[in-house]
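Next up: a single chain in structure tokens, the form predicted on its own.
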Amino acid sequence: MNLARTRRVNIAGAIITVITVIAAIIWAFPIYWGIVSSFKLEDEVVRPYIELWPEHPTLRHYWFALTQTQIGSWYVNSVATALGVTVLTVSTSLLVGYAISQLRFPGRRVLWWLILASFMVPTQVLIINHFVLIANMGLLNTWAGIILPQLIHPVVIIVYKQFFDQVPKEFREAAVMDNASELRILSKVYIPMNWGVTTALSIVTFIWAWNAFLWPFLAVTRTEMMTITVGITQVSDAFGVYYARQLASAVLAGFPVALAYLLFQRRVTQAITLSAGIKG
């Protein structure tokens, strides 16, 4: 009986493993093909069939992207705006989450329900309002104009609130008895406890801001102010689009994010798990 059950478990495990491997290959193949094609000549890329390896490997498309475009400026803009979004989002969300969790003030529950309700509002719905507001403020084609509309992340607030809710009340009561201010309680008691959560949320927020396309595309018209995700759409000339150049530029654009994930994958997984748990 046990032997038959063990065999069924082994067969089921083998089937799941095979399905998982096949799904991983299907998911990874477009990435592999894009990277390999960035080393191909243009006529190899546009052939009507797929070649798994370049016939004549070349770095000319990377050289073009690095020397004939403003990719350096695009990198600087992406780093600056992504860092700005990350620092401001995490810091403000931490304060809001702490206030809703630990403080008592009029309208607290209404504010909390409004934050939860904001999940039902797609970001795209607010694009026109954001554009009109930023244009009236004269912030188009500026870092501030790119950063400010991207600071709304309800999930970060909710993660912080849930964390603060789980901290034993005795810590706060002891600090209050020592006449500590709210800012001191937050900085000396709560923040040291949640460095792991803050790090995970910061990494995921940075990656999200780095990959953002729609708003930076609308808020910026000057080439030198574009972020990397918008700038790579400009890698063309009077003769049309060169796909190999586009792919090489895309690889350069995605490399920092891929490196960040490889270095901090445990933290990224932690943040995704927290977010998925809330959205679920």
Partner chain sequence: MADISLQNVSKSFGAVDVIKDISLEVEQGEFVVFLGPSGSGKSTLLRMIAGLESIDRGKLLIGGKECQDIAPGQRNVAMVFQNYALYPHMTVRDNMAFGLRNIGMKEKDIEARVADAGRILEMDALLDRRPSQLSGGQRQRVAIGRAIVKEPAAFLFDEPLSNLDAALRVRTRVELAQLHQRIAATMIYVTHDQTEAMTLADRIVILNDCRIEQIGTPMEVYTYPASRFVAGFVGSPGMNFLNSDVAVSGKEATATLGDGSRVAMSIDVPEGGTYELGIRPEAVHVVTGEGDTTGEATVVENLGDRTLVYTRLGDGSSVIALDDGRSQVAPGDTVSLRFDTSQLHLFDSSGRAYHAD
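What you see is a predicted model, and the numbers here were worked out from it, not measured in a lab. Residue numbers count along the first chain shown, from 1.
One more form of this protein, predicted in complex with the partner chain, exists but is not displayed; see below.
Item to complete: Choose one stretch from 169 to 177, 94 to 102, 113 to 121, 141 to 149: the one whose residues place a heavy atom within 4.5 angstroms of the partner chain in the model of the complex.
Response: It is 169 to 177 that comes within 4.5 Å of the partner.
Discussion item. Quick check on this chain: which one of 87, 135, 189, 126 has a heavy atom within 4.5 Å of the partner chain in the model of the complex?
Written reply: Exactly one listed residue reaches within 4.5 Å, namely 189.
Worksheet item: With a 4.5 Å heavy atom cut-off, would you call residue 184 a contact of the partner chain in the model of the complex?
Response: Yes, residue 184 is a contact residue.
Discussion item. My question is simply whether residue 83 lines the interface with the partner chain in the model of the complex - judged by any non-hydrogen atom within 4.5 Å.
Written reply: Close contact is absent here: in the model of the complex, residue 83 is far from the partner chain, nothing within 4.5 Å, heavy atoms only.
Discussion item. Residue 79 versus the partner chain, in the model of the complex: is there a non-hydrogen atom within 4.5 Å?
Written reply: Close contact is absent here: in the model of the complex, residue 79 is far from the partner chain, nothing within 4.5 Å, heavy atoms only.
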